[in-house]
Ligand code: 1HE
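A lone chain, given as structure tokens: the form predicted alone.
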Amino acid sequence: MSSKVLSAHLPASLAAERHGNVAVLKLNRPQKRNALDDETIIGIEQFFTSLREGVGAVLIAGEGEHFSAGLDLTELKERGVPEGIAHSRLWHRAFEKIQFGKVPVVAVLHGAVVGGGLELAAAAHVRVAERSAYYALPEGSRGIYVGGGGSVRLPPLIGVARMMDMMLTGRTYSAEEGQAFGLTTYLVEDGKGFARGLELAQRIAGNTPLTNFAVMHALPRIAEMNATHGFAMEALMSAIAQADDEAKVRLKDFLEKRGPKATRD
């Protein structure tokens, strides 16, 4: 499918395309292993804030041999506590636009997915890994601590103990290990990640917007509730979703054998 370049004003460290109803955002600093500087983080926030009408999903990928080696340490200068908090909150705001934004996000991971790059990946809703991908949190050896939301997003994915081990010992996990413990949900051969990710993003974009909203915004919050509150929220969200006009049309098509059925991939 041909791609259409988006008109959003982004820094040179980011490149955007549009493939039908899927917007593609690429980290575009291959010479720096797609390290994330402040300009890039601000650009990510701008991209997700200004998504155009008709975009139903986003695919994030990295140019070159790596997804992202994390925070660009050349920008790390001596900061006081207030400046450090402000810097971390900049990342929080940007990644919040991914996790709780307008549309679901698929991340395609290859090569280094390290530090802030892993925090970025954790903000996505679906993660596809190529076998070249590897994961690490080297902050401990550098005398720093995660600041892009990793403390919140990674433990539900990989567990507190595993995250502690990664930060304390510098342990690196392979793509296969990440798949086994649930960090990623798809594992493909090298060079196949973008095509698989785009296929999944197109499938997601074909859902009703209200269903996608419920999965993105309600499901993770329900999972944090006690059972009583969770059941109530689920019932409310279920009723809202099925009352949507588009949902009614799709259900009618299915019942009249015009709609797609669930099949094995």
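From 1 onward, residues are counted along the sequence shown. All figures in this text were calculated on a predicted structure; none of them were measured in a lab.
The next section is about a form of this same protein that is not shown, the form predicted together with this ligand.
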Of K192, R142, R171, R93, which one comes within 4.5 Å of this ligand in the model of the complex, counting heavy atoms only?
-> R142
For this ligand in the model of the complex, the stretch among 154 to 162, 109 to 117, 172 to 180, 123 to 131 with residues bearing a heavy atom within 4.5 Å is 109 to 117
Considering only heavy atoms, tell me if A35 and this ligand come within 4.5 Å of each other in the model of the complex.
-> yes
Contact label in the model of the complex: I85 to this ligand, heavy atom within 4.5 Å = no
Taking 4.5 angstroms as the cut-off for heavy atoms, does V103 touch this ligand in the model of the complex?
-> no
Is G62 close enough to touch this ligand in the model of the complex, meaning at least one heavy atom pair within 4.5 Å?
-> no
